[in-house]
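What follows is a single chain, given as structure tokens, in the form predicted on its own.
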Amino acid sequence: MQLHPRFFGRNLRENIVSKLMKDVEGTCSGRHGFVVAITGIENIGKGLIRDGTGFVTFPVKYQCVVFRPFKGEILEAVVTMVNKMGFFAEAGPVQIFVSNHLIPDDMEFQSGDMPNYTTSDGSVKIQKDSEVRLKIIGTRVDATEIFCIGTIKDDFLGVINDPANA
């Protein structure tokens, strides 16, 4: 952690911890996943002064809760966008795309002011804000983001809560 000299003094440890929480919680590293919360500080090392800036770099060892989706994982997600190609859903910080090829064959795309996928008998509808249970079949990891591809074409997957029926 880099800290400005104005934060030095009696509260140095508290300032380092608060800056760590502010800078790290909610971020994503491709290697570890999304940092949900810092649960503990193991060690704060000796500071090293950065030449020319006056900032001091402190090595900090900490424990945290991370969320890293993996292939084959079942998640509950909220649909954010529906189009003829499929739909996007969010499970916490991760965005998941479900292609229309990975939606059951009996569901058809319906365009209009509220695009959706509906069964032929109209009993099940996937639209914006619907809650779905899906299975991750692929992930792509960047340095700062994780993208997933999901399917609802399997047993016990699909709509679990429809806002239109609520």
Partner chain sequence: MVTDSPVHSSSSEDFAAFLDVELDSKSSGSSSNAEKAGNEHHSDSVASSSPDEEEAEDDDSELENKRVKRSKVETAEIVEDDRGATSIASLEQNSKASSSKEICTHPGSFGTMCIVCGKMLDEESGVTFGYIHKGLRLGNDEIVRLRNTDIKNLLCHKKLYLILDLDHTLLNSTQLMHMTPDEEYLKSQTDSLQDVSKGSLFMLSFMHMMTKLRPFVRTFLKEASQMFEMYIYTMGDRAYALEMAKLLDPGREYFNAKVISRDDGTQRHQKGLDVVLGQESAVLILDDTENAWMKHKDNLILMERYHFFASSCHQFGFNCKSLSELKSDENESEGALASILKVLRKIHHIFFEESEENLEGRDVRQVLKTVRKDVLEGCKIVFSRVFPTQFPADNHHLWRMAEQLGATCSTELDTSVTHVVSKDAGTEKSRWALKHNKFLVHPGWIEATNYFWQKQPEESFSVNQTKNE
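Positions refer to the first chain, counted from 1. Note that the coordinates shown come from a computational prediction; the quantities given were computed from them, not determined experimentally.
FYI, the form predicted in complex with its partner chain isn't displayed, but the following is about it.
Its partner chain in the predicted complex comes within 4.5 Å of a heavy atom belonging to residue 73. Proximity of residue 17 to its partner chain in the predicted complex falls outside the 4.5 Å heavy atom cutoff. Among heavy atoms of residue 159, none comes within 4.5 Å of its partner chain in the predicted complex. Shown alone here, residue 79 lies farther than 4.5 Å from its partner chain in the predicted complex, counting heavy atoms only.
The single contact residue among 26, 30, 47, 104, judged by any heavy atom lying within 4.5 Å of its partner chain in the predicted complex, is 30.
Interface residues of 1-20, taken as those with a heavy atom within 4.5 Å of its partner chain in the predicted complex (partner not displayed): 1, 2, in sequence order.
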